[in-house]
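Okay, here we've got a single chain as structure tokens, the form predicted on its own, with questions on binding and movement later.
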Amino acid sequence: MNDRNPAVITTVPAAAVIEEIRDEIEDVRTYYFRFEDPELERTFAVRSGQFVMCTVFGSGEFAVSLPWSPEADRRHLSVRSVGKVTGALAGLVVGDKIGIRGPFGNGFPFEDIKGKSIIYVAGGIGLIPLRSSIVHVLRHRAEFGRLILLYGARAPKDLMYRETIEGWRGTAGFETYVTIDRPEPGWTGETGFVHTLIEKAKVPVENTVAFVCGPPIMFNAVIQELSGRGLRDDCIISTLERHMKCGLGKCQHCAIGRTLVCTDGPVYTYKQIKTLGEQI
């Protein structure tokens, strides 16, 4: 699945230097970094859909989805400042150090879906974990059918990776549809909730899988629309977010029923999610 060996896992925080910081949307920044250890910098590999634990020294540690792709993509994290530790991260500057443990989790099942069309449906910062997958499939474009992105946010100022999306829009064979919830002065694109784009894009059902990430209200509306069109539950893929502490299946903080999100997930099919006994 990957060009590099994904088996290398750091179980203690490895020091990494922040090389660049970009403001994405309100309270969300992207941090580009490199490992201090040249050997780790050379060998650290990930699979799309995995996560890492990010340490802000002196403040704590948090789990974060990977937006960077396994292939030829700068290492970076996109993080919303929502609490003590992520707030401390927001106070760092270029040249400061963070710690990285991982990667952890199962990743997206690309080997199982070769030859299929892929529909990405994302709401708000739900595009962060899907970005890695999109970059991956675009680099292996010939192995998949139709590729469609349906992305929505409350307002233009809430759209993640706008320059990247414009680049994807110009990529041959990748269909992109972007919408905001309500009309705004100056916005000339689509308006309405993201699930309404499913009809506009004429999303196929046969030989198709859907990757869906976003807030619960969006997720449920999209699932209802896709299921109503006949897409099977095992063809709908998402990632679960829970309070992960160790990342190794030891502390049980992320347990849902008999599954541990940190080791069994965070990627699940909707068919699996329905058996967990917990609403998204």
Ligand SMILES: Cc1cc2nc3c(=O)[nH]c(=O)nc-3n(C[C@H](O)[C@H](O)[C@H](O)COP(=O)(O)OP(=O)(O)OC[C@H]3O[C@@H](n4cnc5c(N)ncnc54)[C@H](O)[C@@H]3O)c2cc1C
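Everything quoted here is computed from the prediction, not taken from an experiment. Counting begins at 1, following the sequence as shown.
Keep in mind that the form predicted together with the named molecule is missing from the display, and what follows is about it.
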query	finding
Interface membership of Arg80, the named molecule in the model of the complex, 4.5 Å heavy atom rule	yes
Non-hydrogen atom contact Phe51 with the named molecule in the model of the complex at 4.5 angstroms	yes
Val212, heavy atom within 4.5 angstroms of the named molecule in the model of the complex	no
is_contact(Lys114, the named molecule) in the model of the complex, heavy atom dist at most 4.5 Å	no
Candidate stretches 241-249, 226-234, 39-47, 212-220, one within 4.5 Å of the named molecule in the model of the complex by heavy atom	241-249
Selected contact from Thr196, Thr176, Thr86, Asn106, since only one has a non-hydrogen atom within 4.5 angstroms of the named molecule in the model of the complex	Thr86
Answer option from Tyr32, Phe62, Trp68, Phe35, heavy atom within 4.5 Å of the named molecule in the model of the complex	Phe62
